[in-house]
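Listed next as structure tokens is one chain, alone, in the form predicted alone.
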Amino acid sequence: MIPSIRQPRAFRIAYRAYVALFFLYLALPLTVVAVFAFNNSQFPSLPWKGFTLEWFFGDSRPMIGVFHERPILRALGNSGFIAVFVSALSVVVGTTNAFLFNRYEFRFKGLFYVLMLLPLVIPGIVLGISILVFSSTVANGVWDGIGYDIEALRPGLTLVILGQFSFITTIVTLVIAARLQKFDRTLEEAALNLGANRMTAVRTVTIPYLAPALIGGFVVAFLMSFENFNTTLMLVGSDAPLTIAMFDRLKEGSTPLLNAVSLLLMLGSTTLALVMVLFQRKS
């Protein structure tokens, strides 16, 4: 719909109704989840039994809250640990990739660029299975050959980090490369003319310019890692992150505890996204 072209009144009403229904479709499930996090009942469903905060702060069963549920808190810590490592690795490697594809020409550059994008079009479950089969094959081969067990290649937190890193770093690369593409390289040349070496020019001129993209890439990687399920499901060991722990709880039967966890995740994700948007606007 082009604002400068006058549209019939019926069309404008239909268009606005469509937009309203679209956002209602997106918001309604989240609203239902949030509301039933405060339901004074063992089940997240009607009838409404009254308002309560026990699913957040309760310390006795059957209504033990999020902040007193040790398995959930442990899983939350695992998710945070994984997300921080994946985000840090993705930003470092993504920055290197952005410079590589933006600044240098080499043989098979186009092929390597396509290979870098490939994890984005592979289903997460297939990617997880592929990584698991490959790592297990290597670990079993080393064990059969020299009798040494490489625990990092067995299902666990390390393999989850490597699995998520394999596709999240591609997204971070694209975020950083988009900003690097707009950088005026004459600023680096001016720094070189003033006596700085190449690394100093990059560190003092280019990296500060890339700061919004670096922070944005870190936040995007953190959120994607924190909520990832498909790839993580194939690679997880005994230390389950939050998404897997919630899935296991859901198989036993849903309770408003899961609604409370979901509400906290929605608030946390929204806060991070707003901080990122505000930071990039100021930059």
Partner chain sequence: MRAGAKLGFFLLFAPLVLWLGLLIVIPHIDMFLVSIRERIGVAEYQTSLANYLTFFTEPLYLVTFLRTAMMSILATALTLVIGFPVSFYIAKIAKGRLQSALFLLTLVPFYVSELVRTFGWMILLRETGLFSTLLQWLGLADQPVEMLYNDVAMMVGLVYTSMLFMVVPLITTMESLDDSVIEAGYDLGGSGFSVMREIIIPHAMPGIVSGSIIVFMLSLGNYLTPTMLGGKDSLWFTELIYSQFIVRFNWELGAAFGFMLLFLSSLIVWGTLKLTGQTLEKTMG
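Numbering follows the first chain given and starts at 1. Model, not experiment: these values are computed from the prediction.
As for the form predicted in complex with its partner chain, it is not shown, yet the points below apply to it.
- A residue is said to contact a partner when one of its heavy atoms sits within 4.5 Å of a partner heavy atom; F85 fails this definition for its partner chain in the predicted bound form, lying far away.
- Contact annotation: K182 falls outside 4.5 Å of its partner chain in the predicted bound form, judged by heavy atom distances.
- Interface residue remark: V275 is not counted as part of the site for its partner chain in the predicted bound form, having no heavy atom within 4.5 Å.
- When contacts are judged by a 4.5 Å heavy atom cut-off, L53 does not count as touching its partner chain in the predicted bound form.
- Stretch-level contact check against its partner chain in the predicted bound form with heavy atoms at 4.5 Å: of 183 to 191, 200 to 208, 75 to 83, 170 to 178, the positive one is 170 to 178.
- When you look in the predicted bound form, the only residue of A152, A196, L162, V142 with a non-hydrogen atom within 4.5 Å of its partner chain is L162.
- Residues from 209 to 234 that approach its partner chain in the predicted bound form with a non-hydrogen atom closer than or equal to 4.5 Å are L223, E227, F229, N230, L233, M234, in the order they occur in the chain.
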